[in-house]
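To begin, one chain is listed below as structure tokens, in the form predicted alone.
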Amino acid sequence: MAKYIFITGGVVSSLGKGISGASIGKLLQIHGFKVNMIKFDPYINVDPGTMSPYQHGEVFVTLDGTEADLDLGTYERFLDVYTNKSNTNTAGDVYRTVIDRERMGYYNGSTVQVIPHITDEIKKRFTVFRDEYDVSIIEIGGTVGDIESLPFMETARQFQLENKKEDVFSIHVTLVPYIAGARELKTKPTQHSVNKLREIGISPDMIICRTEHILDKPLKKKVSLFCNVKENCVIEALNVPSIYFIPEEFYKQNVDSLIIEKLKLNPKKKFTEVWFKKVRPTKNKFCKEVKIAIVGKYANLKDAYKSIDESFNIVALELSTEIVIHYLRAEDGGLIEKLKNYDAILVPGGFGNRGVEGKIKAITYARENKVPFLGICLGMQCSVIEASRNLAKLKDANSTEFDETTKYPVVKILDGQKNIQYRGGTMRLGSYKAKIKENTLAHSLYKTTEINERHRHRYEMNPKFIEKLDKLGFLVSAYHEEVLPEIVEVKDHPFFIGVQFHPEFASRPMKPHPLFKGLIDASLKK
């Protein structure tokens, strides 16, 4: 019988519901259970694909091409599973499904309502993995009390009622703020949040308290009493140096044992602490330092490049190296002078022409000064423009994304992408194969001639200019179906590589992506 864990949040957003759920999932995996996670976001957008990173951080792309919330990247990295469209749901997508059915006469003339039609559709999505996994962890986005979250909360209430007590476990993540003037931790926000949840009809089995200070026994007892949960189910969630330490912190508080007991699960294998040891560096392990400059549009918004950050964190553990990441605004003055302080440069993906010329200048600096460089998606396209202008002397070479009338369209839109009506979900999305040429930097990194990587873009390098650039040492080292350039690199450079795909989505703890590892390796040698 499948088991379900619901995770809700209160007081404020961004408390780490996804990380908490993924950490619990990892503990259950170590006990031998098959675990997957499902995200339910309350916004009306069908997916985050058309949302600004300032609104929602990075857009994570699944293998099947679904544009999803960045929490799915957390799920994949912690649980080492591959997510798909069934792992991500929004209010917009749920309502669209129900409305489409109504338009097709599916409801036989019934009045379509939130209850039961919307809630029944959400229930279907709760149970989508019941035949494949032992435990489904369901994260409901937003904060309890938000009007947008109510249909999902109501469905969770119904689901608890309709299933056995031992099949459903409810976790509420809250904030216990520290008031510096009073030198006190305050539990009142948690009390109010849990009361609001209970008004909806959900009584949590466990409360995870985000806090900057240790919760002492009297404070835990107070939360237990006022929130009607057992004292040992009041869990302290302190800030830690790495999110990958959180499963061990939860393990120390018996989170996994409490859940296993309530859900009447029988562990399938002996618990070992191998994962904890591998992700936690030993004392003085970081004996080397590498400084990375990420030149992008969203320098003030770390979540816009969440998976890139995590890819470097994973490499740091693998190579026993402290990687210091600084985000530089591509449109800022004095960019080149700033770049002189860094060991490597990365230009990430993005859309629109803001900051493009700054990115191109950064790439010129990396190429001419033999600084290790990695360009991702738009970063690769900018490297093509840079090489065309400065190596091939094609003055004003550009992408048609930025200049539709350019004389040298070295990057252009796909024919099938012209005159699209909807922006969402209309790019080259998801996993595509690429064939790598032997005796190239790409081949030495991947150690194979065939790869599968995830894409999210609409423009491509124009094959018309490949031969001219190749003669100048700017090579295409991988193609999709022998037509579309996937990887470019520069001869006689310690590490200069651009990729049309997003390698950051494939990074895993203990499985660093070869491109990120290669960049840091080259920086250390430099």
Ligand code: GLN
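These figures come from a predicted structure and were not determined experimentally. In this text, residue numbers run from 1 along the sequence as written.
FYI, the form predicted together with the ligand isn't displayed, but the following is about it.
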### Message
Given a 4.5 Å cut-off on heavy atoms, tell me which of 181-189, 335-343, 449-457, 246-254 is the interface stretch with the ligand in the model of the complex.
### Response
449-457
### Message
If we define contact as a non-hydrogen atom of the residue within 4.5 angstroms of the partner, is Leu378 a contact of the ligand in the model of the complex?
### Response
yes
### Message
How about Gly141 - does it come within 4.5 Å of the ligand in the model of the complex, if we only consider non-hydrogen atoms?
### Response
no
### Query
Does the ligand come within 4.5 Å of any heavy atom of Gly349 in the model of the complex?
yes
### Query
in the model of the complex, does Glu401 have a heavy atom within 4.5 Å of the ligand?
yes
### Task
Would you give me the residues of 492-526 that have any heavy atom within 4.5 Å of the ligand in the model of the complex, in order from first to last?
His502
